[in-house]
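Just one chain follows, in the form predicted alone, and it is written as structure tokens.
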């Protein structure tokens, strides 16, 4: 095993340590250097497409991309200078010159504000490179989850890479080159006809809102501010951490927690999009029991629980404990699922219990 002790380089004049295999960007990030980037996602292999993370390296003729350049002992790296800041500003001006707009709603996705933030930071709203708009949006795609607004695409390929590297789906890819570059599915079809599982990973990594959360954007005109509450997805036993987005007293969207220990920024289609039942107008608000005529009528909780208990005991007494089978709701909290299996196993004496959700 190689010894990483004693490996150092000079970062903005300061000698800092690093581990062999780290990129200059990773070393700089660990030492609180604010290097901009648009194509970088720490969960993905470094790509070096946007060139915003360039740094000056002593002995190199031109600035190098810090995300794809490995740290080496004795390197002398400059992460910020007048020359670098000028390069970054011009690059941002050129990037946004092909986009329809700079500002997108924060409900679009987790990373949707990254480009807007950098454009404002570098005062790059000059419009001096304004010209043709690249990217052809797919307004004809009827899927209810993912907005394909490719006029906002900057060809960072984070969506393509997260689909391949994290999900293993390879549902989306890149076609053409240069100004005609386009994110697409096989044969240029609809997402529902592709290998897409609608996990939403592409939405959450997109830095411009080119791929956006259709369901969350339904609330873009609601005036209340967006608040996020950390919770756990109830749909299966994995325990994915989520951030529930609310406006006022209504849930408007779900985002995966990038620091979630079980999911690390990933969710399935149910965890990402299946929340409408919370505010559904048909959701029951009071228990119902059948009267002597077999009709369902409103009842108190005590009446409903007593009737349910009597029915369960009658079934056990008449047909035995294995005549009962319980199914827990995937929309119930994990604590409720635990109590359900405790009731069935300890209270009724059977192990015939399942859950309607799957990991």
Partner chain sequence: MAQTNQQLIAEYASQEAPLLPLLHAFHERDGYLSEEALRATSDGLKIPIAELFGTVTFYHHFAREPGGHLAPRVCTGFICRMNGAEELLESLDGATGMPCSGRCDEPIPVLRGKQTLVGTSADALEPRDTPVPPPSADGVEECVFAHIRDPARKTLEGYRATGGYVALERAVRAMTPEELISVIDDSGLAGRGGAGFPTGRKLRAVLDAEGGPKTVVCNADEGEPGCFKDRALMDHDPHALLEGMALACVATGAERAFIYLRYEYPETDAGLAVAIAETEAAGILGDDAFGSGRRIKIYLRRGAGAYICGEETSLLNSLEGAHPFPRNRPPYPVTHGYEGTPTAVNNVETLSSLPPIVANGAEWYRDLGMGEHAGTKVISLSGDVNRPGNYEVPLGLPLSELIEQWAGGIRNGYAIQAVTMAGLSGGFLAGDDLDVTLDEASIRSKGSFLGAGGIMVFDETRHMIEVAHSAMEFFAEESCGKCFPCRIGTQRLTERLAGDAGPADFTMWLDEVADLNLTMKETSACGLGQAAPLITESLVRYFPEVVRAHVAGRLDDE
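Numbering follows the first chain given and starts at 1. Because the structure is predicted, anything quoted here is derived from the model rather than measured.
This protein has a second form, the form predicted together with its partner chain, left out of what is shown; the following refers to that one.
Considering 149, 243, 98, 114, which brings a non-hydrogen atom within 4.5 Å of its partner chain in the predicted bound form?
-> The option sitting close enough to the partner is 98.
Tell me, which of 251, 190, 174, 269 has a heavy atom within 4.5 angstroms of its partner chain in the predicted bound form?
-> The option sitting close enough to the partner is 174.
Since the chain is shown here on its own, which stretch among 300-308, 39-47, 286-294, 320-328 would lie within 4.5 Å of its partner chain in the predicted bound form, judged by heavy atoms?
-> Comparing against its partner chain in the predicted bound form, the contact stretch is 39-47.
Is every one of 105, 218 and 258 within 4.5 Å of its partner chain in the predicted bound form, counting heavy atoms?
-> Not one of the three qualifies.
Does residue 128 reach its partner chain in the predicted bound form, with heavy atoms at most 4.5 Å apart?
-> Result yes; residue 128 sits at the interface with its partner chain in the predicted bound form.
Contact between residue 184 and its partner chain in the predicted bound form at 4.5 Å, heavy atoms?
-> Looking in the predicted bound form, residue contacts with its partner chain include residue 184, since a heavy atom lies within 4.5 Å.
Does any heavy atom of residue 74 come within 4.5 Å of a heavy atom of its partner chain in the predicted bound form?
-> Outside the cut-off, so no.
Determine whether any heavy atom of residue 80 comes within 4.5 Å of a heavy atom of its partner chain in the predicted bound form, and answer yes or no.
-> Result no; residue 80 lies far from its partner chain in the predicted bound form.
Taking heavy atoms and a 4.5 Å limit, what residues of 84-113 are near its partner chain in the predicted bound form?
-> Contacting residues: 86, 87, 90, 91, 94, 95, 97, 98.
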